[in-house]
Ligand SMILES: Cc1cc2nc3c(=O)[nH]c(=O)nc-3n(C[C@H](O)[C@H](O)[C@H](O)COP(=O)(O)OP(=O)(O)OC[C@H]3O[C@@H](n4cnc5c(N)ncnc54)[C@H](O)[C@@H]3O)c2cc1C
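Here's a solo chain for you in structure tokens, the form predicted alone.
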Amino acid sequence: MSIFPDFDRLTPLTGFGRAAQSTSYLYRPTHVEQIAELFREAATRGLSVALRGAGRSYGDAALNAGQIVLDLQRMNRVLAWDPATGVITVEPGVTIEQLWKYTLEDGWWPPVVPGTMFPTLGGCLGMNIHGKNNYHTGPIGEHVLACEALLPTGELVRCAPGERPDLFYSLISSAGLLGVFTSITLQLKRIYSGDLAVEAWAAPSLQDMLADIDRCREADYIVGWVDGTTGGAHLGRGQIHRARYLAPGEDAHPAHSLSLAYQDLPDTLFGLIPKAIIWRFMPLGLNRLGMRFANLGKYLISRTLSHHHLYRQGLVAFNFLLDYVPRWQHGYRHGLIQYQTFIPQAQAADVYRAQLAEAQGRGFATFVNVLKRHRPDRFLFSHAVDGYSLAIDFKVPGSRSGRTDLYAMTQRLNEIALEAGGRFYFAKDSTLTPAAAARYLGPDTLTRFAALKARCDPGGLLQTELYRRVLAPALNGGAPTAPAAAALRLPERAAVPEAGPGSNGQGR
């Protein structure tokens, strides 16, 4: 192998929210053997390795300043597909988009999808993503029949719910800190139409919205949009969408709705405005006044023109709302954080009212607020509860004092959630402290993770900035190395480790 690490591979990377950023040595393996070789070389050089799929985690979960990052997007082959049973085996770099496009015309759909189609399946399993159907379908890990993973020790392991279950339920959800998935076998959902039957209606308050969502859990999907700009009795008002799959024979033209052309999202808004340029104009409305008017307009339309509106909508259009406007996250000049808490059912109304009021009181506009219903699962770093989640987008201020204020507010929001038995989600996190993580994960989970880390990665090869910021100090009972969360500060230039004797810094 040539000089390692290769200085030509130094690459600036960001989280999806664009506020967390660092420079790393980026490698793009195409085969398992290359990953094993990179593991050996990194261990010899005393470097750590982070795993990265499409980089869709909002914060620092796929960053590794001054160290090695393995981008797995080139490992994107479909290894086996059975259209009779809906069982597919893929490499970890296959994206949700590749998956549905490969199987849709055969009448199969991914059983769990996030709000965007661009994450890789390896990343989805690492974070154990959930969708708008979590309350009865669970996270994606519950639909994995088997997987193979390469551990930093060099061992290639196969696991399934009934085969090495301790590894199965830990590798899935472990944020890429125990091993790298090399193949994933997934059971897909049989469908008979590319359309969903959708109903939309307005809810005048947060309490009404929670009650409506809880009553509608027979639906295949349910999700709420929450207006975070109002106060008083109308705090948390918004709109609910529920949807169900169509039964056999209900769609008169299933071949048409199951075609890829039918599912494509349009490139223009109202058939006139190219969506590719919309993000450039978003800063004009990303302020308290602009968002107040936008939320008011959306609520009034949902209350009048679309109240209990029944219609059919394509699977792609319904599920992947985050993909409607390309590069929308670039509309946030200094980046954004998505703040998401998972709260038990009995406490959800009080917690979310308190969190929205806290944000309003501190002058932070909440730009997008999404409410979902959940149920618990048995995975290692489970974020789910028998209750709800509320995801809130906050604009990161440009000034250091503004970022400090935002960080301080999120610590108060964390405390409100923790007091109610709430949980958090590493794919979204930018603000957790080691103490907060230890408090919601609990000593049993941390002890289990420490034992698994010692078993699968005894040299501590797999690390990320999230790991060093939150988990490693939590395991050691210590404090974070930096006083502010990575996503709320502009990092200093990362130190570049030595590349070895005789290096001229030119790589290959």
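Just so it is clear, the structure is predicted and the values come from calculations on it, not from any experiment. Just count from 1 along the sequence shown to find any residue number.
The form predicted together with the ligand is left out here; the points below concern that form.
Stretch-level contact analysis of 160 to 168, 358 to 366, 288 to 296, 176 to 184 against the ligand in the predicted complex, using heavy atoms and a 4.5 Å limit, identifies 176 to 184. Only one of Pro376, Gly421, Pro397, Gly115 lies close to the ligand in the predicted complex, with a heavy atom inside 4.5 Å, and it is Gly115. This chain is drawn without the ligand; in the predicted complex, the residue among Ile278, Leu322, Ala349, Leu145 with a heavy atom within 4.5 Å of it is Leu322. Taken together, the three residues Tyr58, Gly123 and Tyr425 all lie with some non-hydrogen atom within 4.5 angstroms of the ligand in the predicted complex. In the predicted complex, the ligand lies farther than 4.5 Å from every heavy atom of Ile68.
The ligand is not drawn, but in the predicted complex it has a heavy atom within 4.5 Å of Arg52. Put simply, His241 is far from the ligand in the predicted complex: not one heavy atom of it is within 4.5 Å.
Contact check for Arg403: no non-hydrogen atom falls within 4.5 Å of the ligand in the predicted complex. Contacts between 225 to 248 and the ligand, taken as any heavy atom within 4.5 Å in the predicted complex, involve no residue at all.
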